[in-house]
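First, one chain by itself in structure tokens, the form predicted alone.
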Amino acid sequence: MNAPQVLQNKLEQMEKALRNTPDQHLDFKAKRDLIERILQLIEEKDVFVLGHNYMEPLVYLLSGEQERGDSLGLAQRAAETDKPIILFDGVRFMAETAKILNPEKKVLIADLEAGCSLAEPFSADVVKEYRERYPGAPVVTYVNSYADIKAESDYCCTSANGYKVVLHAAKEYGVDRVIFFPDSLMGANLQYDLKDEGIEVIYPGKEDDRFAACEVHEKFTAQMMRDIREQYDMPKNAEHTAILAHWECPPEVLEEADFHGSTTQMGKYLEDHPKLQRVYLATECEMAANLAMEYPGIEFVRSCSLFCQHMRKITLEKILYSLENEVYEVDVDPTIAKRALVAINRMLEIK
């Protein structure tokens, strides 16, 4: 198949996916020329494009089906590619992880200022401090962190495998205490889910005044969940409706939800419950926009006043500029990258 035909096929696939979401379909028509130029550059420069679930649909669809997803899935895909350039449509810590896994490749991100409220508050020195305070306890670091934190860790994890990694770390080290960084709310949720395993999870804010949380997920409340159930006729444990919450939400929100997990696990929940007709996702609102393309038979109740300001810095216009000029390259100090890779690989090896 020649290059023009490949490009035409991709444009047609994008438009077809967006037909079920009228607003995004109109946006596609308005920006079709811009999208076409981006896709041309992706083909010409042999770029591997990874798209996080929180990207707006027009950005999300620049990636192939196997290159879209949550942090774990994208980290795994980044480790597999042989293409010379990786474009990461997500935030900076994700692009850093891709660079650590592919040190010889050029890794681009459309905006180097696309940060994370979870990743910002802590330094490697804080991890060292916790190690001294809790000797013998392994450190499991959430992937929502920068490379210097990962370099001081024994394992990384994502929201998709956090429970499994913390449990594995405790058993591997033969201890009943694990340090978890940096998400205070996810740490509390892991502690609740691991209570029957006899494992104590130490996380920022549990025994000190440090605290870190996702600036989006911490805003969800149990009362919001109850109000949504009442307003949209979504009783708990119903067959046709469901509230799904992300691991990073407060514990009381998870208690009100019908299911909690990672973004990919939420998508799997929809797949496994084909009778669902109405769904609310307690997570970044673009997740619902992207799932609406895949599940046109489900009404997604959306609250888009709660969005990630950092994810929204990744725009089509910035992507085009980055690809045209091969700028906004993400680099990681080789010494730090080598140490961080150990923790990342330990995560990837856990099945």
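Please read these numbers as outputs of a predicted model, since none were measured by experiment. Numbering starts at 1 and runs along the sequence shown.
What follows is about the form predicted together with 1,3-dihydroxyacetonephosphate (13P), which we do not show.
Highlighted residues Thr141, Ser153 and Tyr203: none comes within 4.5 Å of 1,3-dihydroxyacetonephosphate (13P) in the model of the complex, counting any heavy atom.
Contact with 1,3-dihydroxyacetonephosphate (13P) in the model of the complex, judged as any non-hydrogen atom within 4.5 angstroms, is confined among 288 to 296, 63 to 71, 42 to 50, 319 to 327 to 63 to 71. Interface residue remark: Ser262 is counted as part of the site for 1,3-dihydroxyacetonephosphate (13P) in the model of the complex, having a heavy atom within 4.5 Å. Of the heavy atoms in Ser159, some are within 4.5 Å of 1,3-dihydroxyacetonephosphate (13P) in the model of the complex. At the 4.5 Å threshold, heavy atoms of Leu101 stay clear of 1,3-dihydroxyacetonephosphate (13P) in the model of the complex, well away from it. For the chain shown alone, Val166 is not a contact residue for 1,3-dihydroxyacetonephosphate (13P) in the model of the complex, no non-hydrogen atom being within 4.5 angstroms. Comment: 1,3-dihydroxyacetonephosphate (13P) is not present in this chain, but in the model of the complex one of Val279, Ala110, Leu254, Met94 has a heavy atom within 4.5 Å of it, namely Met94.
Scanning 317 to 351 for heavy atoms within 4.5 Å of 1,3-dihydroxyacetonephosphate (13P) in the model of the complex gives no residues at all.
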